[in-house]
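Presented as structure tokens, the chain that follows is alone, the form predicted alone.
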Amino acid sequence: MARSSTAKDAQALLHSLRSAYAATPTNLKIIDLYIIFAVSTALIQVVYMALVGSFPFNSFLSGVLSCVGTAVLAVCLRIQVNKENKEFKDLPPERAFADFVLSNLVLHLVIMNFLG
């Protein structure tokens, strides 16, 4: 009986999350897909390293840190672009995107330097 109640609660939670996400603007959904892509790429690299090995360890670290760093910067972009976030209401989306691009450039310059 408790199990049935838990299953109903889980279904209600998933339904409410799905309906709330349906109201999310398209530009935020695109950023979400980019974040999912970056994180999944990092996970694929970790699985590959676990299966094959990490002979050039700097390359492995650079790839994973690049993916994770890009995902973190994309989360920051999503926070800044979100219209419901009152903290960044005066920040235009173009400025937030420019900050994202510039910080990605710096991140990848550091990653390239780390490769050696």
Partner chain sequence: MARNFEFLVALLLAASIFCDAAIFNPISNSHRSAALELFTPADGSLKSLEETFEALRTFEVLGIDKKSGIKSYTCSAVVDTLWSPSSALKDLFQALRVNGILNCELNDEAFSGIASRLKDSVNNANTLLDFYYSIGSLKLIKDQTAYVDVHLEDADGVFRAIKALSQSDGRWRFSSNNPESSTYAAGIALETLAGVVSLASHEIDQSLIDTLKKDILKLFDGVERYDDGSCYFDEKLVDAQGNQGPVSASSSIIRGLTTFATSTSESLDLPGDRVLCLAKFFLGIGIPGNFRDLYHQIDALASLENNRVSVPLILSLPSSVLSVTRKDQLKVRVNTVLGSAGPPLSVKLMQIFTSGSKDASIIDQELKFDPETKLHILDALPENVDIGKYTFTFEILLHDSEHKKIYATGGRTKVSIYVTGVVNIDQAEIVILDSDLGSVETKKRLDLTGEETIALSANHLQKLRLTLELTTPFGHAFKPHQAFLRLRHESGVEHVFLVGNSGKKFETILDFLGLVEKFFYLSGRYDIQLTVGDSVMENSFLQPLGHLELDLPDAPEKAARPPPQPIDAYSKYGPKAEITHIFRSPEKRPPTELSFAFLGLVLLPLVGFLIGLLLLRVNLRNFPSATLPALFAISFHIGIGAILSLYMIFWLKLDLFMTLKALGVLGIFLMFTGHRTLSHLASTSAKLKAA
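Everything numeric in this text was worked out from a predicted model, so none of it was measured. Numbering follows the first chain given and starts at 1.
Only in words, not in the display: the form predicted in complex with the partner chain, which the text now covers.
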If we define contact as a non-hydrogen atom of the residue within 4.5 angstroms of the partner, is Ala7 a contact of the partner chain in the model of the complex?
no
Considering only heavy atoms, tell me if Ile44 and the partner chain come within 4.5 Å of each other in the model of the complex.
yes
If you check in the model of the complex, is Asn85 within 4.5 Å of the partner chain, heavy atoms only?
no
Given that the partner is absent here, does Leu17 sit within 4.5 Å of the partner chain in the model of the complex, heavy atoms only?
no
Quick one: in the model of the complex, does every one of Gln11, Leu65 and Val75 get a heavy atom within 4.5 Å of the partner chain?
no
Note that the partner chain is not shown here; using its position in the model of the complex, name the residues of 23 to 42 with a heavy atom within 4.5 Å of it, in sequence order.
Thr26, Lys29, Ile30, Leu33, Tyr34, Phe37, Ser40, Thr41
